[in-house]
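For reference, the chain that follows is the form predicted on its own, supplied as structure tokens.
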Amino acid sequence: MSTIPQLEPPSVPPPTTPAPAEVRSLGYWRETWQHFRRRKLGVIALAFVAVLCFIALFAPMIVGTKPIICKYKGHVYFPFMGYYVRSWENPIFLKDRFRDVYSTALKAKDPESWAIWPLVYQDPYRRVRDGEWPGQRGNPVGTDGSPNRINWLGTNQQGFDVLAQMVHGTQIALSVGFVSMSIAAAIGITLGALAGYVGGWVDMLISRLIEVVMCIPALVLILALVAMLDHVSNYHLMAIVGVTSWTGIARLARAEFLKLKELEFVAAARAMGAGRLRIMFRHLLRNALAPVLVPITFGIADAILIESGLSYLGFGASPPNPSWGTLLHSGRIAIQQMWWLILFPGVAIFLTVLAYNLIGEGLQEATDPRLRQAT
């Protein structure tokens, strides 16, 4: 009796689970930015500083008495560039004796001329006189220069518009902060990197130098350096503040390099034949830069305060100098009668310093993992 063979059921392959999607790392700086964005005050402060940078960059187009662009005697000129650097203004206007009064001189010397003017017709370096601009009276002087519809923030004792001085003074405030801390960062990071990575007698010598500079009060050292100069300019202030503000950055950079140089990637780079300078500034610096940015941000706020304080005490840049500290200096003589010379620049200094401090706190939290976990 024959048996019918049993057919085995076809084998069904087991279900395959889809491979997990590859997760890419965001990168250190993008992750830092994501953590920074969570601090609303820090983001608002960063937006405020961005607005200040915009005002500083385009200050001659916002407030000024020189045309942004004009056609004079068949040629096109950009007289407002003279606000940035005096030599950038075309010499034809000096030759034709415009005396910075373009509003009346253009039509008087060339009836076919035309011009595009800034938003507000006021000048930070001189007083606007009667009849200079159609339908606008001259700036009042002394205690009569309270805020009005023409001079929105008032005028000082000489009749210079406060709004024009504050808008153009934004250039001085930001440039002093950025340039001086760039100098301080260059000195501090270089010396701190050498002390932390090389060690030995180099570390001892640089550490003693840092301690000596820190023992001298910064304001006393700055006043001594300013007293040695006959004519103080904003560039002198930038250099002086930068030379006296590098010690904190150097100490932090030294500590970071001391910690990082013991890690494995430094040993790997050294085994591949990388030299000291390459390891310091190619491998270590990029890892030590984030913590160093925090004191640099706080240092910008300190530099603005130092420049304002020096100008308030009368040790700032020589006139004409439309800085916020100079306005405070002119207002302290008649503080009860000319309150606007104290209020408006004081509020601008307060908000700017507060913004940089908030940015520094946000960076400190975003770059420190311990602070991230605490929040």
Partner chain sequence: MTPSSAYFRLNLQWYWVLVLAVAVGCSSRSDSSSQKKAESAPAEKAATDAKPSVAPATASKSPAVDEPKAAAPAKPFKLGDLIQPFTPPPLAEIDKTAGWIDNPVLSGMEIMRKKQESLGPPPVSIATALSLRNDSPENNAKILGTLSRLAPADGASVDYEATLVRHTSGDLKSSNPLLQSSITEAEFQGLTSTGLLTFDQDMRDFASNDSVLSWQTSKDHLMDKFVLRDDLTWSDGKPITAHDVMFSFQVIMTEAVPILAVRTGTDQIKWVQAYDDRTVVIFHKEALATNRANMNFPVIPKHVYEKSIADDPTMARSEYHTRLEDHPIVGGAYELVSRVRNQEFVVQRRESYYMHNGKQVRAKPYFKQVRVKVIEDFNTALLALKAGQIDQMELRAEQWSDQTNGDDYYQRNTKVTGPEWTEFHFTWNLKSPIFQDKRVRQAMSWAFDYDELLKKILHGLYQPCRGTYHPDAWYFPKNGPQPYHQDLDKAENLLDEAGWIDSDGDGIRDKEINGRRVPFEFTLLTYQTETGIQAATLLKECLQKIGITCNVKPTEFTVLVDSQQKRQFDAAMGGWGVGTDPDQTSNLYATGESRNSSSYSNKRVDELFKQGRREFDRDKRAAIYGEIHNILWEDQPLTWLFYRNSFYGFNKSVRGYNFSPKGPFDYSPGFDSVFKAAAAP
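Positions refer to the first chain, counted from 1. As the structure is a prediction and not an experimental result, all values here were calculated from the model.
The same protein also exists as the form predicted in complex with its partner chain; that form is not shown, yet it is the one meant from here on.
Practice problem: Establish, in the predicted complex, whether E31, R37 and L260 all lie within 4.5 Å of its partner chain, using non-hydrogen atoms for the distance. | Solution: So, no: the whole triplet misses its partner chain.
Quiz item: Which of these residues, H283, R127, H236, R251, gets a heavy atom within 4.5 Å of its partner chain in the predicted complex?
Solution: Here the answer is residue option R127.
Exercise. With its partner chain left out of view, choose which of A105, V179, V226, A269 has a non-hydrogen atom within 4.5 angstroms of it in the predicted complex.
Key: None of the others qualify; the residue that does is V226.
Quiz item: Is there a heavy atom of E264 no more than 4.5 Å from a heavy atom of its partner chain in the predicted complex?
Solution: Result no; E264 lies far from its partner chain in the predicted complex.
Quiz item: Do L94 and its partner chain come within 4.5 Å of each other in the predicted complex, heavy atoms counted?
Solution: Yes - in the predicted complex, heavy atoms of L94 and its partner chain come within 4.5 Å of each other.
Quiz item: Does any heavy atom of P217 come within 4.5 Å of a heavy atom of its partner chain in the predicted complex?
Solution: So P217 does not count as contacting its partner chain.
Exercise. Look up in the predicted complex whether G275 has a non-hydrogen atom within 4.5 angstroms of its partner chain, and give yes or no.
Key: No - in the predicted complex, heavy atoms of G275 and its partner chain never come within 4.5 Å of each other.
Quiz item: Hey, of 56 to 64, 38 to 46, 346 to 354, 310 to 318, which bit sits against its partner chain in the predicted complex at 4.5 Å between non-hydrogen atoms?
Solution: Single hit among the candidates: 310 to 318.
Practice problem: Check each residue of 312 to 351 against its partner chain in the predicted complex and list those with a heavy atom within 4.5 Å, in sequence order. | Solution: Result: F315, S318, P319, P320, H329, S330, R332, I333, A334, Q336, Q337.
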